[in-house]
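Next up is one chain by itself, shown in structure tokens, the form predicted on its own.
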């Protein structure tokens, strides 16, 4: 470390804590813009249809209604958006592709008037054959959802994209070695088909956007994770220079991927443009659930090993249901493909992953996407091979896990973590090797997540004349503690007390460029930019002091808000005053992170490998199929914990989300229509679902690319815990192939195993 405050590595109080617990923190839904109207959206009730006629006459005449937006109002714009593939219309044009797709939108002087006017719009649909499942979408002769040339989005980062056959949205392939030959020569082979359900992110804050057009262009207040990507897409949609689009993000009440990339901003902006006044649209829960979700998936996997416990090869085929529009589906498919082989030393591995269009709501980002889909499957097969080889599952993993510096995927970044050490710690945390009570199973899970997204971030610091600092960085604070961590990094570099630093919210007009907030990247990449910006200011202060004293920089030190030479010191305000010749002015520091080798494209990444390691001890009630969580543990292999308490909090939240994904969360569709889109019908984990014991293990090996050797955190625990629960149940002799592990599904599996005469609950 470069200074003596040593604030990095300590659990200082959240800088936004008081503001949030007192209700002073402002979210988009709290804002009221002068002359603001309220928008409501009319959504398609059917999954696939041609729009024969829309009549908005009655709605337009209703009291309080200012504007009604339909597809024909989009003339003069590029009506399609999508960061990966431009296939999603702002509002349906002549066809709807999922139940819930916006067909029209109303702007009125109050919410009641807008809601009433929506019901006055009449739409004649000519229903078309639908493909609401993976099976129907992939069937021979299936109706195609998208035709014509493919239009790559601005930020796909996936190399050359091309239109695939049928309803394939994107195909990712990774191959090394001769898989068939390797499997043919193996002693042990396990094979199976698995399914993962659609899941909703369920952030506490609903999606909300305010859009306002003015003489300078378009201003948007949005609950979005990636303000600069949203700005770029809005500029392109409406034919504006980027300087004429301003995106402001106050606090965000949770995202987990649901607010990644562009969602409701184009629709709100188009409605505001027609109304000629600012408009706010806030999604209800059921509307948010058809705006984005996690991909449901079908997977076939085969894994082979020798009889003495050495893995040989893995082959995997993955079909991800990306819904009616691509959203982040291509990247999810690529990340799932990266996660599928698992962190093992293969002779050969082959993965094909397809994102598939269906007549369901678009699927996109969700915390630990791809990794959560695949790790539990691969780890279930690792456990099965260990049992057949007569080896302890942890010992089996020790023999086969990659070591630091070994290749994870061809051409990608080598492993930058100690997986053997991580799995050893998590196994110990759940009592591995100790006697177990009856009907209790233990499991571990190890995987990797390609993290970091594109490594482009910038930051700026303004050191004021009184020695306080304003930090400008565009990472969205959505509960993860980014503003606190950035404060600590800047405080460390500048030897300032944290309370003398203020971190502003993202505003594309004032805060510098940041690629995105997601993929566990903020502390690692934006944090590195913050560190470099602070170091820039620090260097300027040292230069000024060196000039004053006529000494080299090496003779000076920074501590306690001043530059020191032996027992003499010059405070920051004194140095700034000396530099400007008056008690004013400011020092401005700039920091950036960018690809320093190659192009930074996804094929050359990742920025780092996020470790997904979990351990579980579960008790099974064989009469009901209910799983009780006795112990859960996760590893936060973070390189350096800038704020240990925030790291633990990240892992706790991810762990609880993993419990929901593993045990009961599932979006249910009937013929493409969501049937459990409410807080009552879609249950998320509560405190009652927490395990009896939970432990977050922080590992600090300073092996990350971020500040002080830091790596990101917050996704790995989710993916690791799901796999650990699955393998813990398998430890009781109950191998599962479908999630979630609901009591009914587990009970039916038990009865199936009983009928086969193979259920042997080990106690």
Partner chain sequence: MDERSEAPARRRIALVVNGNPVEAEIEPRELLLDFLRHRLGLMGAKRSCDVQVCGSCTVLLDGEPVSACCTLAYEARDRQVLTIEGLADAGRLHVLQEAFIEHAAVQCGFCTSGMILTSLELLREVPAPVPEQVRSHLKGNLCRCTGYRRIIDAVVDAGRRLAAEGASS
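Residue numbers count along the first chain shown, from 1. On a predicted model such as this, the values are computed, not experimentally measured, just so you know.
One more form of this protein, predicted together with the partner chain, exists but is not displayed; see below.
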* Structure fact -> Exactly one of 648, 87, 352, 666 comes within 4.5 Å of the partner chain in the model of the complex through a heavy atom, and that residue is 648
* **Of 55, 738, 30, 60, the one that lies within 4.5 Å of the partner chain in the model of the complex (heavy atoms)** => 30
* Could you tell me which stretch in 356-364, 467-475, 513-521, 113-121 has residues with non-hydrogen atoms within 4.5 Å of the partner chain in the model of the complex? => 113-121
* Answer yes if any heavy atom of residue 687 is within 4.5 Å of a heavy atom of the partner chain in the model of the complex; otherwise answer no. => yes
* To do: Considering only heavy atoms, tell me if residue 285 and the partner chain come within 4.5 Å of each other in the model of the complex.
  => yes
* To do: Would you check, heavy atoms only and a 4.5 Å threshold, whether residue 215 touches the partner chain in the model of the complex?
  => no
* Close approach of residue 205 to the partner chain in the model of the complex, 4.5 Å, heavy atom -> yes
* Looking at the partner chain in the model of the complex, which residues in 184-202 have at least one heavy atom within 4.5 Å of it? -> 200, 201, 202
